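Here you get one chain, nothing else, as structure tokens; it is the form predicted on its own.
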């Protein structure tokens, strides 16, 4: 599933290629991903809209439109947004085609059909739980070490699932929670209430470093993720623990182990991570 670095990469690309364009028509080939409203209303309301900006909130892409509305994508496991110049070949698994007045197109594709698409009014944006209940953005200036400590205060349970809880911190998923904890030297099953201030600071610093690095390398294509041009991200060779079961830890040389934690496959070094 695309996490913060992958969604941020798509956002930055869409600012360059999609921002300011006017939607001439919407072709819905499979409306399964459209939430709340009907495919017919979705198509009607989008025709003639101008994409004013491209924003991101956690793993959600938010497109403010003019006249006012918000087009929101949560790509989940296999959703993709792919930009195409006029006349270019169409990608596979396309479900919705957004054609702009300059004949360029934005394709929404989804192999498995789990992604969510919303078209919301301003009032709905302020009340719908999908956005309202998200935690703070980890790369925002407001997300200080003190803020991170506050988010963990009085929490119980294992640290890895907590980092993935979108109401605690927005945008962190299975890959970058593991990478951050390995870099911080913290076992993913450590109880949050037992972490020292020094360990919490190590997680905080590692989390910011990993997210910034992953954005620099345009994300991790470990599953279905592709950027707006249909290219894979380049961060996989830089992953230190994720997907490396049985391989040597890059810090101490011990074999990387894997187990399920809160239902998700989790990689860690039992020697380095305490």
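Positions refer to the first chain, counted from 1. Here the structure is a predicted model, which is why all the values come from computation and not from measurement.
Note that the form predicted together with the DNA isn't included here; everything after this is about it.
Asker: Looking in the predicted bound form, any heavy atom of residue 16 within 4.5 Å of the DNA?
Answerer: Residue 16: no contact with the DNA in the predicted bound form.
Asker: Does residue 164 make contact with the DNA in the predicted bound form, using a 4.5 Å heavy atom cut-off?
Answerer: Contact with the DNA, yes.
Asker: Answer for residue 240 alone: is it within 4.5 Å of the DNA in the predicted bound form, judged on heavy atom distances?
Answerer: Taking the distances in the predicted bound form, the answer for residue 240 is no, it never comes within 4.5 Å of the DNA.
Asker: Taking any heavy atom pair closer than or equal to 4.5 Å as contact, tell me whether residue 157 reaches the DNA in the predicted bound form.
Answerer: Within the cut-off, so yes.
Asker: Quick one: which of 96-104, 164-172, 138-146, 119-127 gets within 4.5 Å of the DNA in the predicted bound form, going by heavy atoms?
Answerer: The contacting stretch here is 164-172.
Asker: Of 251, 25, 264, 257, which residue is found within 4.5 angstroms of the DNA in the predicted bound form when only non-hydrogen atoms are counted?
Answerer: Going through each option in turn, the one that passes is 264.
Asker: Identify, from the list 218, 49, 59, 244, the residue with a heavy atom within 4.5 Å of the DNA in the predicted bound form.
Answerer: When the DNA is considered in the predicted bound form, the option within 4.5 Å is 59.
Asker: Which residues, if any, of 17-40 lie within 4.5 Å of the DNA in the predicted bound form when only heavy atoms count?
Answerer: Residue within 4.5 Å: 32 only.
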